[in-house]
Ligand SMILES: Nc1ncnc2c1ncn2[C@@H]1O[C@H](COP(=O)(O)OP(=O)(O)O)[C@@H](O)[C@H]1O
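Taking the form predicted on its own, here's one chain by itself in structure tokens.
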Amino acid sequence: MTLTETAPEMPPWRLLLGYVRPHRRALFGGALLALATGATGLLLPLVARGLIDDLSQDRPIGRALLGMAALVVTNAAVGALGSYVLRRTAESVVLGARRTLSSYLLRLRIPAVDRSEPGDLMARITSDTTLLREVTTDSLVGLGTGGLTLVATVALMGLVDPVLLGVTLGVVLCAGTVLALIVPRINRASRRAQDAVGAMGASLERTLGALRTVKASGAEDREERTVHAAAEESWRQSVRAARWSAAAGNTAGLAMQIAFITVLAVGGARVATGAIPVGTLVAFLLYVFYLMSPIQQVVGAVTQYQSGTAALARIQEALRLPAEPAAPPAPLPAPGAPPAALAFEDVRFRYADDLPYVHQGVTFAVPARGLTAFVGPSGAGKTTVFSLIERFYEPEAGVISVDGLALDAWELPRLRSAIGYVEQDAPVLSGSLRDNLLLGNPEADEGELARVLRTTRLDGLVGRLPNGLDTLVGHRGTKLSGGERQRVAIARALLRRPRLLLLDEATSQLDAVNEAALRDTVADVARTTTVLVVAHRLSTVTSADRIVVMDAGRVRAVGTHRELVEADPLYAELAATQFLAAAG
């Protein structure tokens, strides 16, 4: 089963339609209301012409006034309702896009995350999806309703006076030529602006994610300049996009003003010669005024779409990052489930094509049940073993199997449901202590939770916290010590009832008393579970059932502590160093 899944490449308008499709009925209803608003507005000049004709011929004007008042009130009411429906629909489109994108990003393959900036990915969910709101209402609906209203207005203007219509269209076509030159520049500037927003988010996330290090290094001013530079670049590109958008809008406005003056001059001459009555000129001038709205709506739709395509392109880029297939979570192992066996056969792996191999033919076998420790110099490939077991990465060659079945034949949720994994830095998520403990097994009952708390010696901590398990631990667990975070991570893994438990230096930040207690816990767990430990402390590995010695991406020896001290010089040197460190 392949782990790589990417969204098919498609033009931005198709991606937009995909987000809009679930809301097409509401969008269609809002468009109809917008058209109704336009229709009532188009009737006003005709009623006004009748009113002027009635006045010139001394006929009663009460009915015409009532008709105009009714049209004005109807126009306002229908317009308000249509605006609400469209805005609500646009917010729903944004919500759908954020759900889709966030779900996809949560399934990204780890190599894709390694190559990306988290701040930039967050900007695609926040600022980029926000632009879909305007694209939905201004571009899709605006282009449709504005275009239809424009056509209807031009048709009515032709009925009122074809000559004046020709004059108006001549001015509008000249403005359209200018707009055709401006629109592509809006697209380019908008894309650069959105990229700059993503870069600013990445820069800020980088700084805030290591704020203690920044402060301790006295680097606030340097990091401040970096963030400010990214913000200024975003400002420059946004201003450039705004400048071109303003030019487009003003071009349309200027065209309508020129059209009005020209129509007034030509129409006045036609009235003077008796070619048309005054009421016809007034009605046509009202249509010229009214024509400005749909033209600006169409121009706005085009310019907004150019801004939206930049955001849609960035969303599309995120959706094309390699991701794991979507699948429902698998049930956790039942209590007493048999432990898992593991084997690596001539596994070769590197993190990127331009990097050296981390594993150069790694081979070892771990039987079901017992404690296996991995030792070796830094960079030997020990942690990578765990990443490959979890299928965070795929080996270039060789076979990794669990229970005799190659990893690529396992359903990914089923594989991970059988594994408990404690990472080297033991991350803790923002939220309550209970949320963190139950992250991997939200169905764990209070009895099971209490047992694990006692096992990991967290019960004393819970008793000291102001709100017990419901105490907030802060961003990345900042309210907990390093040792407490490690114990939380171990407890979280044990609550999953794993058949295979992976501990990556899981006791490195514990004091001697807690380390000894957890060492006993791990030994007890190893009686019913397969436990793999990456360790640098000799005390962690001396009691292991087997020790795998790794060096330069290869397995150089496997055995017990006593066997390896006598048979492998590297292990003997590591053990001696550890003894000296312990003695000191």
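Because the structure is predicted, anything quoted here is derived from the model rather than measured. Residue positions are given as counts along the sequence shown, with the first one as 1.
Heads up, the form predicted together with the named molecule isn't pictured, but that's what we're talking about next.
This chain lacks the partner; the member of 340, 380, 121, 495 within 4.5 angstroms of the named molecule in the model of the complex by a non-hydrogen atom is 380. 355 is the sole member of 265, 355, 151, 180 with a non-hydrogen atom lying within 4.5 angstroms of the named molecule in the model of the complex. Though the partner is left out of this view, residue 394 does not reach within 4.5 Å of the named molecule in the model of the complex, counting heavy atoms only.
Although the partner is absent here, residue 257 sits far enough away that none of its heavy atoms falls within 4.5 Å of the named molecule in the model of the complex. Contact between residue 432 and the named molecule in the model of the complex is not found at the 4.5 Å heavy atom cutoff. Of the heavy atoms in residue 346, none are within 4.5 Å of the named molecule in the model of the complex. Picking from 383 to 391, 436 to 444, 227 to 235, 266 to 274 the stretch near the named molecule in the model of the complex, with a 4.5 Å limit on heavy atoms, gives 383 to 391. Contact with the named molecule in the model of the complex, defined as a heavy atom within 4.5 Å, is made by all three of 114, 351 and 424.
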